[in-house]
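In the block that follows, a single chain appears as structure tokens, in the form predicted alone.
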Amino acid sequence: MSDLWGRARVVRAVRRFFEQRDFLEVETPLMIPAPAPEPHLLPQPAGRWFLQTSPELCMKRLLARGHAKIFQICKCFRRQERGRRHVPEFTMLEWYRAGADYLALMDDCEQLLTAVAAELALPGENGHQVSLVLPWERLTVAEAFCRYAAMEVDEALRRDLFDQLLVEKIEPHLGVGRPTFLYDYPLELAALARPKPGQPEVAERFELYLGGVELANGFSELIDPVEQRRRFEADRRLIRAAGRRPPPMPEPFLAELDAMPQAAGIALGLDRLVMIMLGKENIDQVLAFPPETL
């Protein structure tokens, strides 16, 4: 039976955390005409539009319009994602802060998970026996490849082995005993993150792992519309090369990106957070209705 009371307590603690820090809770549309083109994600069509894979683009447009601290808890949709930790319809927590960078978001993560654990009366650790006592591990992608994959990250990219080595050799070691921030991704994998000042071969992007589970993906945001368009066009070419039709270019987002302040933003899988905090092994254990039961 699903632990819906436990889930409700986690969601309540998350919402209280952001409200106490003067974040504005927002709701953006679930159905949009043009999601960000992402080669490894399959958006779910909804008539002539799409169900969102993430609220990212709309939330950044709110930053551009002057809302400096915002968060959202919403449904997202990705086709062909089903497994012990994946469902095609899932709940995402995203938050954005103007004037912040990815290091500030790592601090946010530490404070948020500590607050949720306290709400659930789990002092010092969560249900997966991962200690939340500071400091948490901070490991660059380059360090992780040398330590666990015995290969330089540049060589892994050149031989198209990055994803395979990350999943098979590196991720099982991340977040074991204490959470791990894996940070400074190669610029080729920057997505919507800005290059790191003084180290332009990497992007200010990180992922947070607990118990080998990838929980969150955060960026210092790219606010250059010319570079963002170049990346989108490159991703659209990859989608075409894979035999799929790319979504339309998100022109309204690109038009407002010029007005967006320096900011940082992060997406956190809320279902996975509930799993971890309640010590569950399968995402179905924290859902009211897994899709196969509908």
Partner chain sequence: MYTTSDLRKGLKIQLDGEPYIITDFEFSKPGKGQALYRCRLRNMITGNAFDRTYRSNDKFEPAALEERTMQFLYAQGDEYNFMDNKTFEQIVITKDLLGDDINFLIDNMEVDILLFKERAIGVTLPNFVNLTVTKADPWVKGDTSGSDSKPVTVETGYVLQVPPFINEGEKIQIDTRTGQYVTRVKE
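Being a predicted model, the structure only gives us computed values, none of them experimental. Positions refer to the first chain, counted from 1.
Unshown form predicted together with its partner chain; subsequent notes refer to it.
Contact with its partner chain in the predicted complex, defined as a heavy atom within 4.5 Å, holds for exactly one of R158, K75, R82, R147, namely R82.
The partner is absent here; in the predicted complex, the one residue of D101, E214, E110, E89 having a heavy atom within 4.5 Å of its partner chain is E214.
Taken together, E56, Q164 and A191 are fully in contact with its partner chain in the predicted complex: each brings a heavy atom within 4.5 Å. Interface membership of E38, defined by any non-hydrogen atom within 4.5 Å of its partner chain in the predicted complex, is confirmed. The closest non-hydrogen atom of E201 lies beyond 4.5 Å of its partner chain in the predicted complex.
Its partner chain in the predicted complex is approached by R205, whose closest heavy atom lies within 4.5 angstroms of it. Taking the partner from elsewhere, E119 is found to have every heavy atom lying beyond 4.5 Å of its partner chain in the predicted complex. In plain terms, the part of the chain that comes close to its partner chain in the predicted complex, with a heavy atom within 4.5 Å, is 39-47 out of 64-72, 24-32, 39-47, 251-259.
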